[in-house]
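The chain below stands alone, shown as structure tokens; this is the form predicted on its own.
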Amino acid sequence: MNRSQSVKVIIASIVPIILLILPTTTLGIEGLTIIEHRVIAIFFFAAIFWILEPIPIYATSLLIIFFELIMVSNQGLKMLISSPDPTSLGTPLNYKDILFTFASPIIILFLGGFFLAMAATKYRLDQNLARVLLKPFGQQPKWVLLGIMIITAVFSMFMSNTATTAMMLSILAPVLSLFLPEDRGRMAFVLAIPFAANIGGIGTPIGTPPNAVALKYLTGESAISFGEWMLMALPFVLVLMAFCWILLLTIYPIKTPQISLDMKGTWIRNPKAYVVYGTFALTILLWLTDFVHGMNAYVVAMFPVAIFSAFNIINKNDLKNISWDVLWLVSGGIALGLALESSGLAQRMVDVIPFEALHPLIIIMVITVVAMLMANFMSNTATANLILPLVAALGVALSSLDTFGGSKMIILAVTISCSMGMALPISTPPNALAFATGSIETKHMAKPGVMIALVGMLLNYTLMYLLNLVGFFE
């Protein structure tokens, strides 16, 4: 760690340390226990470190779990979890529950998605599918642009948004050289890929990490299956994709009369490749038909993990390339939510703020807008990790929200809002990859990004209204 990073860490640590040192009575929350007090400090630590990023965001997640184990678990440091007055201490968290976040069903779901993505890349399934699916769109620029967006969105539903963007940008690289220097249409093509990846990720529970975080709170009566999620999200994705396509063509009109995507390649034909093709199709089919066979999305996610490992399609060297940082980031968020929920702090924070005095629509609008704005300036996963535990508690506590769909509705609305942060290069990894091509500047991304976010928010509210109308949240 260099000197500037050390300074950032020290500055970012000041607020959590002050909160930790202050007596519970000075925080102005009546009846606050010592455990809840420490969870507040951990929450602010997570928020500040995820926003400022003095250390990698996955490292912040690991520290969250570490601090919880030491400071608020029943197997923590003895001097911290013992008190002559058990009432003032509160109830320590079960250390097993904290450690189990590393093996949460949500982590397994994402792991299954990573195995599918790695196998698809290793056996060129992704490139061959892109080549086949882009062929019907011809050579007219506007239709080629639409084709690239559709393929990117579909891939991002089942693969990492980052991996999808990297693959599609590599396919697009030779095409960009065909544009004249003054043709602003090249920017439409570059921007189409990250925007389509961000939007497409909303379509499935494994499409983007915020969706996985949401599943942690969509349990019991609020549970949602893989197929139900797609049924809910796909109309939203289709409409926003259409708007994005038209918007890019309007802001960055294409002057080049014809575009030739010269994509060569052949399907790999050997036993392992056929196993990959079959497992990919089987896994998606099982995810979509859980109401028939009874296995939920988490169980189905083990199919590619088990099959690809057994047939040595994914070997020990491939395991090194899994996006472990994403899994640690999600697990840290789950652990933070667990601490907020199990300590009773989330409910206490909801009780302290007079939400009952506000109209439910105002509450929904404020929370979703805050989520969208935060996601533009920090990781959308970190945003979901911070906001969703409080939103879940709010949804349960406020009976006034029941008319509009209750806890399930507000969790889904906020989750979609987290994916609307796409106006800046730092907003999402796909945005950063597109910016790194050197073909666009921040201002080129910000203008359509802001407009897509605003229209996306309106569509989000419309979708929630219609879903409530047809009884989706009941």
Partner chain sequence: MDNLYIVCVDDQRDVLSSLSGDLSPFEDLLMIEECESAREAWDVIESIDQSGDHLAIIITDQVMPEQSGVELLKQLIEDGRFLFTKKILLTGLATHQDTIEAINKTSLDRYIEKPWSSEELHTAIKSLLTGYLLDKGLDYEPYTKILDQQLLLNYLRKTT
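Numbering follows the first chain given and starts at 1. The shown structure was predicted, so the numbers you read here are calculated from the model rather than taken from an experiment.
The form predicted together with the partner chain exists for this protein as well; it is not shown, and the discussion that follows is about that form.
- Using heavy atoms and a 4.5 Å limit, would one call residue 215 a contact residue for the partner chain in the predicted complex? Judged by the heavy-atom cut-off of 4.5 Å, residue 215 is well away from the partner chain in the predicted complex.
- Is residue 170 one of the residues lying within 4.5 Å of the partner chain in the predicted complex, judged by heavy atom distances? Because a heavy atom of residue 170 falls inside 4.5 Å of the partner chain in the predicted complex, the answer is yes.
- Does the partner chain get within 4.5 angstroms of any non-hydrogen atom of residue 127 in the predicted complex? Because a heavy atom of residue 127 falls inside 4.5 Å of the partner chain in the predicted complex, the answer is yes.
- Message: Residue-level contact is defined here as any heavy atom of the residue lying within 4.5 Å of the partner chain in the predicted complex; does residue 52 satisfy this criterion?
- Response: Judged by the heavy-atom cut-off of 4.5 Å, residue 52 is well away from the partner chain in the predicted complex.
- Message: Quick check for you: of 433-441, 63-71, 407-415, 34-42, which stretch puts a non-hydrogen atom within 4.5 Å of the partner chain in the predicted complex?
- Response: Among the listed stretches, the partner-contacting one is 433-441.
- Message: Which residue, 260, 94, 312, 321, is the contact with the partner chain in the predicted complex, using a 4.5 Å heavy atom cutoff?
- Response: When the partner chain is considered in the predicted complex, the option within 4.5 Å is 321.
- Message: Going by heavy atom distances of 4.5 angstroms or less, which of 155, 287, 229, 114 would be at the interface with the partner chain in the predicted complex?
- Response: Only one listed residue qualifies here, and that residue is 114.
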